[in-house]
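First, one chain by itself in structure tokens, the form predicted on its own.
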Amino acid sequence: MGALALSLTACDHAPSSSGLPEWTAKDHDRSEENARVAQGQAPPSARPRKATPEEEATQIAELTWGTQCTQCHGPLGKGDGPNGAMVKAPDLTRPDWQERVKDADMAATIRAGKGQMPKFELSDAVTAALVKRIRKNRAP
């Protein structure tokens, strides 16, 4: 009850406006922004930040993993995708597999395929991002 009484008395008057500048219509004048929009340019606040090449490669790698790799390797790479058992997809998260297989070997398998795994024609940056994603999911 004491806290309620304190909170009710704490706001018994409006905050002071002393020291605040007086509002004018120019404070909301958007003529410069409107002129850019009229010329077909997006206002600065509407322009998305351009992704770095590494961010772009990571986004493409995630999309590739989600649409192509998970069918066999599963969401984390455990070989538990819907087709994993049928194609004998390896568990890419196993520490012994992670230690044995080099990044260059993974990249070569992604590019050339292996067994029932098809080859993927991806840029070096996207292939490297896929390798990084596989390494990130290493089991403890």
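Just count from 1 along the sequence shown to find any residue number. Since the model is a prediction, treat every value here as computed from it, not as a measurement.
Omitted from view is the form predicted in complex with a small molecule, to which the following refers.
Peer 1: Is residue 64 part of the interface with the small molecule in the predicted complex - any heavy atom within 4.5 Å?
Peer 2: Yes, residue 64 is a contact residue.
Peer 1: If you check in the predicted complex, is residue 101 within 4.5 Å of the small molecule, heavy atoms only?
Peer 2: Although the small molecule is absent here, residue 101 would touch it in the predicted complex, with heavy atoms inside 4.5 Å.
Peer 1: Give a yes/no on whether residue 76 approaches the small molecule to within 4.5 Å in the predicted complex, heavy atoms considered.
Peer 2: No, no contact at 4.5 Å.
Peer 1: Applying a 4.5 Å heavy atom distance criterion, does residue 57 contact the small molecule in the predicted complex?
Peer 2: Answer no; every heavy atom of residue 57 is more than 4.5 Å from the small molecule in the predicted complex.
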